[in-house]
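First comes one chain, alone, set out as structure tokens in the form predicted alone.
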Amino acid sequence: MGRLEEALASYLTRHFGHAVRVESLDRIPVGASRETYRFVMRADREAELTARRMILRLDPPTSLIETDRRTEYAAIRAFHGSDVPVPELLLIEEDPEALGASFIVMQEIVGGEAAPYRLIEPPYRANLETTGQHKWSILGSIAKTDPAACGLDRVLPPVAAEDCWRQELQRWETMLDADELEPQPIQRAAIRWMKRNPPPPAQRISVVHGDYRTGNLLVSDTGAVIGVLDWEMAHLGDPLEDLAWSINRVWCFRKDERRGGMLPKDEAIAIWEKSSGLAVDADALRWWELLACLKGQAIWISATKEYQTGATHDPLMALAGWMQVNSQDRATLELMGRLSHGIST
């Protein structure tokens, strides 16, 4: 048994008060805000042996963005049992003594695929339109969920409808200021434009997943979305923020107009409108799409800085910046109507 398996088994035994074995612990090479492992938990209790397939989400030394494990835990717990499919939670531990870092343990959702490059290959490729229907319908369900009804208004910081845009723009501009290693003229021009042309107040204060994209969804081989993962960036805000992030140009994995590799932008928006009960104002959505570009660029640049400064040696951090920075700038230019003609400030 490896050191982490042994430490986790010891912790779970103390937590449950009876013998627990941890088997087949294996790191899943996805995600950059947590180290994610799958394992089998075997519990010996009252002469019975039960086995459950579990997921361990362990805080890493460094990540693409600092996130809050308690937010993730609260959001998953709030949506469990709803029409938004999420894993069943087992526990959260914020004391790093047991495993060297804080962690969450949850039930594994079996039979799903999340990797975008696999979803565009058989057997998933034949059902991508169905997956798209599920993807944006579920996002609409998140948008129409009352934060007070699910208890997240007591966990997530409040925000006024007229302040949603300002809060997010300040957040990502601040990260860009802190982490850029070279000038970012395209994003700076976009920031100036967004400040001069703020969107209208949010139609509704909703739970915002914060990273709703292909890659954070588990998909069955029949095309159904059976799990929405990675809630650590959840917050209250304008639901257009999630929609804009989900249709970001950089998620066009098939090198065409299908957002998230699944559906054309207009179809995705129409599905979301029907599910959420909200109408999309084109100008407001365009503003949030630009914010999504700034957000993405800030995350990619932060990853590059982590690697270049030696804070991490994880090649994923270097690849995120190398692969995405130019694509994100091009997406920004496209939205600003300047892709072929330079950019004016």
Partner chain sequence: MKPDVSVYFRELVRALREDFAPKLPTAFEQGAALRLAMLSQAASEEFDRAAARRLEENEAMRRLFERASSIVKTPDLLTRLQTVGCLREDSIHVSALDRVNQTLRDLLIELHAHVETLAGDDARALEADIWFEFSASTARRALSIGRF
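Nothing here was measured: the structure is a model prediction, and the numbers come from that model. Numbering follows the first chain given and starts at 1.
The following text describes the form predicted together with the partner chain, which does not appear among the structures shown.
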Quick one: find which of 151-159, 246-254, 73-81, 215-223 has residues within 4.5 Å of the partner chain in the predicted bound form by heavy atom distance. 246-254
For the spot marked by I28, I186 and P315, is every residue within 4.5 Å of the partner chain in the predicted bound form through some heavy atom? yes
Even though the partner chain is not shown here, does L181 get within 4.5 Å of it in the predicted bound form, heavy atoms only? yes
Does at least one non-hydrogen atom of A7 fall within 4.5 angstroms of the partner chain in the predicted bound form? no
Could you confirm whether S24 comes within 4.5 Å of the partner chain in the predicted bound form, counting heavy atoms only? no
Residue-level contact is defined here as any heavy atom of the residue lying within 4.5 Å of the partner chain in the predicted bound form; does W322 satisfy this criterion? yes
